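One chain comes next, on its own, written out as structure tokens in the form predicted alone.
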Amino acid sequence: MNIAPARGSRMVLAAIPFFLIVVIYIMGSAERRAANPEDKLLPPISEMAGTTKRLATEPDRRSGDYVLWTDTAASLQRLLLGLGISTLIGLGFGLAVGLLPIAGASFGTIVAVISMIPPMAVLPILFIVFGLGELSKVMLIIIGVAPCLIRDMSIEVQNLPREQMIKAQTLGASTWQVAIRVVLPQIMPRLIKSVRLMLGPAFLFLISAEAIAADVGLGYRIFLVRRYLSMDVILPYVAWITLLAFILDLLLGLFARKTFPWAYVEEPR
């Protein structure tokens, strides 16, 4: 446990699992195609690459849109809007619930209860209340993400040393000043970490909503072509969603390290 690989070795070690997955897939695809040339379950990588190129570079015959980019733009707009609103709600309410005893007593329990509700269980309710448009999809992300962020932020605030707030009040700081100048800077790194952890669930909520009621989007496209067993579309779309989530996570991590370097001093580079 005391042996840490160098940076170059870490990159090689990180690439090995992906290489093995590709090799196993190629072998499985070749074996199934040899047994059945019409097999659609594991299409060759060349076939998936050709389909992806077509979706990305050739306009759709009916709509004239570049399908991959149109779906990506629609899904990212919903995701970023839902995550952005959830982040603001999580930060504001989490700060209040963790710092103000009255707010904690009033909203702490109800937030904990709401965070336990499976978001997918309320999806039909959202469609009934907000309709089948964009609002219901964004609301599903907010309902799934915001309560968890509120709980995490409130716990983070409560774990801060109480002596810091007492000293600030002794020096004449108001509650607002304590919140903005003492508490807020210290919980921001944790907020970014929490948002990074919620990227996976947020994508899950997004894809689920798009699969049920949408006419464009990554989730919509996957569930549209499943009836034709178009794995040459489904698998690249799944890989593309994974890549988008990874890029968002990477960007948030870089932003956190750049903005709050003191919070990552002890972490390996």
Partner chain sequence: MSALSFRNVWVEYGSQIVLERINIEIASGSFLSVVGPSGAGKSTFLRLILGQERPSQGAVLLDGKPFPAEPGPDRGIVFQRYSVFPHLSVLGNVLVSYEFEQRPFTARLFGAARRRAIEKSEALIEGVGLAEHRDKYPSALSGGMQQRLAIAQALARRPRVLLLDEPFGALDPGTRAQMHGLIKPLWRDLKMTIVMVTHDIREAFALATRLIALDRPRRDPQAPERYGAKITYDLDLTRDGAVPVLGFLKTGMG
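All of these numbers come straight from a predicted model, not from anything done at the bench. Numbering follows the first chain given and starts at 1.
Below, we refer to the form predicted in complex with its partner chain, which is not included among the displayed structures.
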- [ ] With its partner chain left out here, work out from 142-150, 76-84, 181-189, 108-116 which stretch has heavy atoms within 4.5 Å of it in the model of the complex.
- [x] 181-189
- [ ] Tell me, yes or no, whether I3 is in contact with its partner chain in the model of the complex, where a contact means a heavy atom of each within 4.5 Å.
- [x] no
Open item on the list: With a cut-off of 4.5 Å between heavy atoms, is L135 one of the residues that contacts its partner chain in the model of the complex?
Closed with: no
Open item on the list: in the model of the complex, is there a heavy atom of its partner chain that lies within 4.5 Å of any heavy atom of Q169, even though the partner is absent here?
Closed with: yes
- [ ] Consider L100 of the chain shown here, and say whether it contacts its partner chain in the model of the complex, taking contact as heavy atoms within 4.5 Å.
- [x] no
Task: G131, P124, P161, G92 - the one with a heavy atom within 4.5 Å of its partner chain in the model of the complex - done: P161
